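A lone chain, given as structure tokens: the form predicted on its own.
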Amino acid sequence: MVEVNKFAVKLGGEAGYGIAEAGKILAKVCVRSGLYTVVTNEYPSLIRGGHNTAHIRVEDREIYSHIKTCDILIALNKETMDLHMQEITPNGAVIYDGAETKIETGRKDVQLCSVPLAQLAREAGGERIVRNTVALGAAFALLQGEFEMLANVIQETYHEKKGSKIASINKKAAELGYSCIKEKYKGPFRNQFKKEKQKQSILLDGNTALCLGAVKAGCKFHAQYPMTPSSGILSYMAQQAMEYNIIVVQPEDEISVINMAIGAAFAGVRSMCATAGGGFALMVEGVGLAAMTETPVVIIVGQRGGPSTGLPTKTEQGDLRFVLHVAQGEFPRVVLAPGDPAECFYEIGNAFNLAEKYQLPVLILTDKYVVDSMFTVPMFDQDKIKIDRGYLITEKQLENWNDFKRYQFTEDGISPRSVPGQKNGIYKAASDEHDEYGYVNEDPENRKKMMQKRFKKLELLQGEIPEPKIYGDKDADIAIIVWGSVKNQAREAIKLLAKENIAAKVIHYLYISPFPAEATRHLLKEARINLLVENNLTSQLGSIIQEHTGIFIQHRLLKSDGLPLSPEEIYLKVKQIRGAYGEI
């Protein structure tokens, strides 16, 4: 049976041979043709060598995550076939270079498409690296796509990055691969591509979405030392620096990063920094400084496998407890974990507002899956990002202000904030405990009042934090509890369950501090079966839920091997739990 506009393609080969670039090109073609796509990349922490893959999943209806299978496997080396042959769906295909690699699949249902990738790359005037584009043309021919659609994206991509000569070589290479399939393989392939009406959607990763949101929110200073998976933020912000009048700095280490970001915020601009878990470990004392001086700063922490250097290019959700308790002493903070590029875009705008309104650090937890994968999302509504700078006072307000107290005791704990250079707004900003003017003060009564003042903000802040969001059947008695990016695979899992008439819902935690305890109690008591799903070993969200509500969630699916959870794993876990309850 022919399936139109529902397919997955996986490319594999050595690092350095354009695996990710080829995947991105195919995804762009599909999005511009009115389809939905999710692109995930896996690669080792090597500049060249090692096994790389790009998985491009495409459908004509909204999709949220990758899946474990592929319909076409593009193998640029034998290792790819050895590792991924069993992922090919029945009656799928493998594209490979038969002149270089002899294979036996052991599967009669897989169509073998031998294409002389290296030879055609040379005929196009390119080096061996161009094999990826030859294979891309071959795959598009197998899917019955119109070559011009692919050629246009190849031309645009390579002309912009490497000039007209490289663009022409790659376009020719794709054409040769396309023609080879058309000539040698006449029969119709099971999966076919068909252009549909273009939708108002874009294809992008979480890092880019964070940057776009930060620019729209008025960020004027960004400091960062590059560290996977957040390095793309530094690159993108540097590219936009001149156009949007943003100061972008790469200091010598993460200690300087956090201190520069705090200094910029102290000076009155919207400031942020980004890092990964290892770099954030160096920022710990700085986070405490921001808290004590009540300086608003946004900090992005990209999670990857730890501890220490750990798994630099793999995904994990192991830093939640870390950011919730980072720095010595007690102080309020906001912690949120966007699950997709749309949330990255909108929530970083909220992060800046919350940081300035409540004068505290806001920490955004991402992970390699959400910031490195590419998703099709609706065009962003930029009007949804509003700027609220809180109690930032103007020079006019200060004209008759004769006794300015930067850390004034107020009913809600939020004090007036001035910036350097404002007449009548001068104050001390000490890292020690201080009085209302900022002068060091160790008096027990003052300390008690200052601690209470800082934590008073939480009462008002709690009212602004959204409750966990529900996806799927809100009345379902099976609840899958997730935070951050795992919501994507969970949403796909409930679609798989729905095909078997099993109703389930996803409870997604976007904001984790302050924690929505009351809403959580209500949601968990509503469901008959609660399944907690996390990309870590110790169920960090589960322990937080138990801490705040007293509820222990018995059923858990935890994964900490560096790979993202899949919809199929969640689906099978739900089925297993239902089986234990005697349900089929």
Partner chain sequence: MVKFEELNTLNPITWCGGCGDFSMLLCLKKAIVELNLEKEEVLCVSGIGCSGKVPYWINTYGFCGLHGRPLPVATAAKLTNHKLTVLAMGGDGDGYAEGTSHFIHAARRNIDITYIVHDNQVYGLTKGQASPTSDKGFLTTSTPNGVLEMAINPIALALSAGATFVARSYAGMQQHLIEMIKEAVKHKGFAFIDVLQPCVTYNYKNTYQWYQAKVYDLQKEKHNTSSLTKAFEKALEWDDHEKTKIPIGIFYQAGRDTFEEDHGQIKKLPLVKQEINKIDITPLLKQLQ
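Positions refer to the first chain, counted from 1. Remember, it's a predicted structure, so these values are computed and weren't measured experimentally.
The next section is about a form of this same protein that is not shown, the form predicted together with the partner chain.
Contact annotation for Pro116: none of its heavy atoms lies within 4.5 Å of the partner chain in the predicted bound form. In the predicted bound form, Leu203 approaches the partner chain with a heavy atom inside 4.5 Å. The closest non-hydrogen atom of Tyr509 lies beyond 4.5 Å of the partner chain in the predicted bound form. Heavy atoms of Arg389 reach within 4.5 Å of the partner chain in the predicted bound form, making it an interface residue. Only one listed stretch (485-493, 258-266, 70-78, 178-186) carries heavy atoms within 4.5 Å of the partner chain in the predicted bound form, and that stretch is 258-266. Taking Gly278, Pro468, Gly413, Gly425 one by one, only a single residue has any non-hydrogen atom within 4.5 Å of the partner chain in the predicted bound form, and it is Gly425.
Only one of the listed residues (Lys314, Lys357, Lys453, Lys216) places a non-hydrogen atom within 4.5 angstroms of the partner chain in the predicted bound form, and that residue is Lys216. No member of the trio Gly12, Gly34 and Ile166 reaches the partner chain in the predicted bound form with any non-hydrogen atom inside 4.5 Å. Counting a residue when any of its non-hydrogen atoms is within 4.5 Å of the partner chain in the predicted bound form, the hits in 401-440 run Ser418, Val419, Pro420, Gly421, Gln422, Lys423, Gly425, Ile426, Tyr427, Lys428, Ala429, Ala430, Ser431, Asp432, Gly438, Tyr439, Val440.
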